[in-house]
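First, one chain by itself: the form predicted on its own, in structure tokens.
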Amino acid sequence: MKRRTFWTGLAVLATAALLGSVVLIADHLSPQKAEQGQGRAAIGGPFSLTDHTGQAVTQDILKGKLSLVYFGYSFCPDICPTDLQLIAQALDQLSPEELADTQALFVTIDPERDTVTQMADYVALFHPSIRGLTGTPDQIAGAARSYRAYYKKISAEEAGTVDYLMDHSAFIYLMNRDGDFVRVFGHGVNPDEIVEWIRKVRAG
């Protein structure tokens, strides 16, 4: 248990360090300027994955909706369930019209265990507007690079657990209707803040 806590702590520290390296231009801009593209080259890009229904998807699924994108894995002991719960709480605060205009994408960084079936079962625990995405190791690595998401496999021996764990960053990326980056939220963000930004971007 102590080792698990240690690796969880490392993941949180990695998240904090990476957050420091991301220029949060949107913090100092109006939603209009944020949507005009400042920072969009740094976060996001092409990907080719498979969703939890078995449908092949690309970055085009970001078009036409506001998207919350999160990288994690279904066997995550605490960080991912916490953040997915926060995403679900934010989605629950949206009006029916706002919800129809918003989606959340949960991208696994553990394709070895996170099959289509596993992802379907897992995202169903949180919210119907969360879409699980998996793929080959190369596809996952490419998507993670595009979003500057860090992850690393930790053996069961190193972690002191029955099975291996994945050390990873924990960002929630907000993308606009064009699939461009608007803002990143850190682990444990208040759902009210997510809702506030969704409404700001929708209002233009």
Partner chain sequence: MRNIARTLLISAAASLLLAGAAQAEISVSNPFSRASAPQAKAGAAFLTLNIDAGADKLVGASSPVADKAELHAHLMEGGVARMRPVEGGIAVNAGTPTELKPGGLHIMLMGLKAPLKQGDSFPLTLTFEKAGEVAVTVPVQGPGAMGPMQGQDHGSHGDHAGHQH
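Numbering follows the first chain given and starts at 1. For clarity, every value in this text was computed on a predicted model and none was experimentally measured.
There is also a form predicted together with its partner chain; it is not shown, and the following applies to it.
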When you measure heavy atoms, are F47, A141 and Y147 every one within 4.5 angstroms of its partner chain in the model of the complex? no
Considering only heavy atoms, tell me if T82 and its partner chain come within 4.5 Å of each other in the model of the complex. yes
Does D92 make contact with its partner chain in the model of the complex, using a 4.5 Å heavy atom cut-off? yes
Taking 4.5 angstroms as the cut-off for heavy atoms, does V189 touch its partner chain in the model of the complex? yes
4.5 Å heavy atom contact, H168 and its partner chain in the model of the complex: yes
Taking its partner chain in the model of the complex, which residues of 61 to 76 have any heavy atom within 4.5 Å of it? Y73, F75
